[in-house]
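Just the one chain here, the form predicted on its own, laid out as structure tokens.
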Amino acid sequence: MSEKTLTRMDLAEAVHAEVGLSRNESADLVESVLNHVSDALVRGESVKISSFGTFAVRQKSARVGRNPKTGEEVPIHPRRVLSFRPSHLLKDRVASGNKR
């Protein structure tokens, strides 16, 4: 597997190359989309991107955990966590990348 990470600038460059917007407009477009997605998640909404997957916020209840080093019980407070479920199309596409 490669160590490359896709960044905001990579996405903006792809928009610039494929759509033809200026580099600044492309960067603004990518930033706007990411802001809309994150704002929806902060509000507790799910974000479904067709053929890609669904981002959702889940509520985890309080529970008692254990410090693995000391064995001491520690309360874990309730919290919201982000989850992602890839679409079957994305799963298939990633799996086919494993074949040579």
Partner chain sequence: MIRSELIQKIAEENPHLYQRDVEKIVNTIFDEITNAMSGGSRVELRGFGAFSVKKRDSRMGRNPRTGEAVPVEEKHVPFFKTGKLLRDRLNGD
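Predicted model only: the values in this text are computed from it and were never measured. Residue numbers count along the first chain shown, from 1.
One more form of this protein exists, namely the form predicted together with its partner chain; it is left out here, but the text below deals with it.
- In the predicted bound form, no heavy atom of R66 sits within 4.5 Å of its partner chain.
- The closest non-hydrogen atom of A62 lies beyond 4.5 Å of its partner chain in the predicted bound form.
- Interface residue remark: V42 is counted as part of the site for its partner chain in the predicted bound form, having a heavy atom within 4.5 Å.
- Under a 4.5 angstroms non-hydrogen atom cutoff, its partner chain in the predicted bound form lacks R23 among its neighbouring residues.
- Counting a residue when any of its non-hydrogen atoms is within 4.5 Å of its partner chain in the predicted bound form, the hits in 63 to 97 run R79, R80, V81, L82, F84, P86, L90, K91, R93, V94, A95, G97.
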